[in-house]
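Next up: a single chain in structure tokens, the form predicted on its own.
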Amino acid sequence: MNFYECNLHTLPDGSDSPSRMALVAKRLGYSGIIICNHMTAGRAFGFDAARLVVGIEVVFGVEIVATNQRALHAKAASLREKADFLAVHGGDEKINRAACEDPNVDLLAHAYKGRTGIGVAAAKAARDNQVSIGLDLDPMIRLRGAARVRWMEVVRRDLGLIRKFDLNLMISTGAKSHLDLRSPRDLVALACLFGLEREQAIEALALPKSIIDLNRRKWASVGVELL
């Protein structure tokens, strides 16, 4: 099974280079990583060098940060042909819903802020537009006490919506340092604490590969693929 870490941040957003992330992720058992910095000007610093690391695929993605729905849709449309993977930095209820309504978006990341999650309207839109929902496990690792309990309550509620509407799910740590990375086995174990079946968690870690392969396919017209 090809496991991918779908939402990593490297220099200048994070503290490590793409090459360092790739080397550590390879050692942990990943087949690929997706660098999703908050940028639109080009690839992450050192990205081309990271692609020379043998035994792991390094994918260029972008995590869109937008202050309103109109800006989000404009950025997604302009970046769709430039990146192999598009994520949206969520958290705001309106941004969450706008991301799920945009078929250009591959992943809604960091959707949880306080007691805000994806909600029913966003879940329906994600189903219709095939937008994956990201389960960012970084708060599970970092938070303590009542803050972690509240976060887990929101995630469990939204996992019910994900099951109800049969939404695509991806699991990540949203790492900004190689020290934040966890092995696929660790992420599966953490995801199971929320009630996910082991097979569901494994599929969530393998899903990014399928999305990337689909995004890389080129179409001359409807139903006609360029090979």
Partner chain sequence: MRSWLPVLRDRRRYIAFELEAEDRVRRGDLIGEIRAAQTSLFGDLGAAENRLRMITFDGRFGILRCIHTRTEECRALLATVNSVGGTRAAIRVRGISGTIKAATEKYIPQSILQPNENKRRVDLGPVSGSVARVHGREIDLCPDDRKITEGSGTRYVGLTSFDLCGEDIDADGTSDGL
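In this text the structure is predicted, and so the values were computed from the model without any measurement. Positions refer to the first chain, counted from 1.
The discussion below concerns the form predicted in complex with its partner chain, not included here.
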property: 4.5 Å heavy atom contact, S15 and its partner chain in the model of the complex; result: yes
property: Partner proximity in the model of the complex: A206 to its partner chain, non-hydrogen atom cutoff 4.5 Å; result: no
property: Any non-hydrogen atom of R163 within 4.5 angstroms of its partner chain in the model of the complex; result: no
property: 4.5 angstroms heavy atom contact with its partner chain in the model of the complex for E57; result: no
property: Which of 89 to 97, 143 to 151, 125 to 133, 72 to 80 lines the interface with its partner chain in the model of the complex (heavy atom within 4.5 Å); result: 143 to 151
property: Residues of 68 to 103 having any heavy atom within 4.5 Å of its partner chain in the model of the complex, listed in sequence order; result: none
